[in-house]
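Read the single chain below, which is given as structure tokens and is the form predicted on its own.
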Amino acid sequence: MAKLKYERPIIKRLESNMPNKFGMRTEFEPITHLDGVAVSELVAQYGSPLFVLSERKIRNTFQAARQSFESRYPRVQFAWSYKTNYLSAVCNVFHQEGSWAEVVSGFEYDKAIKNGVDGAHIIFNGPDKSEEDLRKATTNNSLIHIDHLDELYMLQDIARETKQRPKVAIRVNMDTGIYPMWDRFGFNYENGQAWDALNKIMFGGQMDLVGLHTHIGTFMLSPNAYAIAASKLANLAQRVQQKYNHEVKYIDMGGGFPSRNTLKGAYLPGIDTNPTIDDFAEAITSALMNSEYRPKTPPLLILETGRALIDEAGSLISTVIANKRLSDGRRSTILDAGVNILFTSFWYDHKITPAQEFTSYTEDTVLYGPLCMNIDVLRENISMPLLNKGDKAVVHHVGAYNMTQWMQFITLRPKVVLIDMDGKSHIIRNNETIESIQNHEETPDHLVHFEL
């Protein structure tokens, strides 16, 4: 008979009424499989740490979001936010579902073109569009969202020189009751900047004004803020129609919808408190339909949703390196995934669960990554079962931004795999190697040789 492993007893206070600062309860269910594929098999085949994306979850989430809006408004178009996750396999899943591309740089624009997106179905946002970018977008008949007057004047010069008519919208920032206000991008509604820009476009007569755009913030928790924004854009469209007898063809509400993650400092879990896509769809569509803007055809409603469509489809598998006891007595567990690949751990208290059976004992634990930096903390305090060296853990809801904002720092970035609709796994981004890093380096001849 095998000798049982000793586990020291732990005294834990029970919370039976109001939740404490860590919430009402902690869920302890092992996540041994992702989309029907065993975590242990994924690690054995692809290594650890490992990002895993679910194609089924992406498609189901997108279809549900589209249904939320299309059941409330006659003309809806989603545009996938490339900055949220621009791995080509991910982008193409959204494009297969009918989503256009929304990009914010020349790099992302070129990536969308290489993915096979028609130029007319690319929305070009952002403040840093070069003259070359604008010429390319104009030639490809893309939708250019003007961010500032310098860009507007540059586009006018391009139109005058090339005899082409760029299809443009302006980005509008505004007071929606959420502070601090996102007024860095675009033209302000309240002080008249937006109306001034629209007049410059219409009087110039060299560009086709086709839309109005806003993006009021990120991880927004107030559907009513979107209702205010939609009403203000509709008001601008109405003023353009009255003054110039010109119909604005689309209203682009941007993105910023939250996922089900829990923001740091939140008292209750995001899964219980964050508004749903239905909440935002109801607020936006009702505001548009109740506005005074009445063109011959209802304007196309464009959504640039990113995070809310991909976050829950992503998981990060990690392996326990070691356990330690801190000087103040707290338990700490070191995982092989750090903040260099899990950037969102600075924003969220990610749900993290063991990937194998475990004992009934739990303890408040600090979860560290492997980096030689004191800031490498995945969770500052989480009630976890006791994990041993070599055990696996799954970090949930990591599909947004981690694979675009990650960095090669101290460790190399890992593989990313996609589990398809049939439960088969595919590498969609390979892991870095010392060779792939050094391929970008150049060493001057006089620094090649040395003696120690």
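Only a predicted model underlies this, so the values are computations on that prediction, with no experimental measurement involved. Start at 1 with the first residue shown and count on from there.
What comes next is about the form predicted in complex with a small molecule, which is not displayed.
Peer 1: May I ask you to choose, among H350, H95, K167, K83, the residue with a heavy atom within 4.5 Å of the small molecule in the predicted complex?
Peer 2: Comparing distances to the small molecule in the predicted complex, the residue within 4.5 Å is K83.
Peer 1: Looking at G369, G314, G211, G256 here, can you tell me which has any non-hydrogen atom within 4.5 angstroms of the small molecule in the predicted complex?
Peer 2: By the 4.5 Å heavy-atom cutoff, the listed residue in contact is G256.
Peer 1: Choose one stretch from 351-359, 112-120, 299-307, 326-334: the one whose residues place a heavy atom within 4.5 angstroms of the small molecule in the predicted complex.
Peer 2: Of the options, only 299-307 has residues within 4.5 Å of the partner.
Peer 1: Given that the small molecule is not shown alongside this chain, does N125 nevertheless sit within 4.5 Å of it in the predicted complex, heavy atom to heavy atom?
Peer 2: It does: once the small molecule is placed as it appears in the predicted complex, N125 has a heavy atom within 4.5 Å of it.
Peer 1: Is the gap between H246 and the small molecule in the predicted complex 4.5 Å or less for some heavy atom pair?
Peer 2: H246 lies outside the contact set for the small molecule.
Peer 1: Taking heavy atoms and a 4.5 Å cut-off, does R171 contact the small molecule in the predicted complex?
Peer 2: So R171 counts as contacting the small molecule.
Peer 1: State yes or no: in the predicted complex, is some non-hydrogen atom of Y401 no more than 4.5 angstroms from a non-hydrogen atom of the small molecule?
Peer 2: Output for Y401 is yes: heavy atoms within 4.5 Å of the small molecule.
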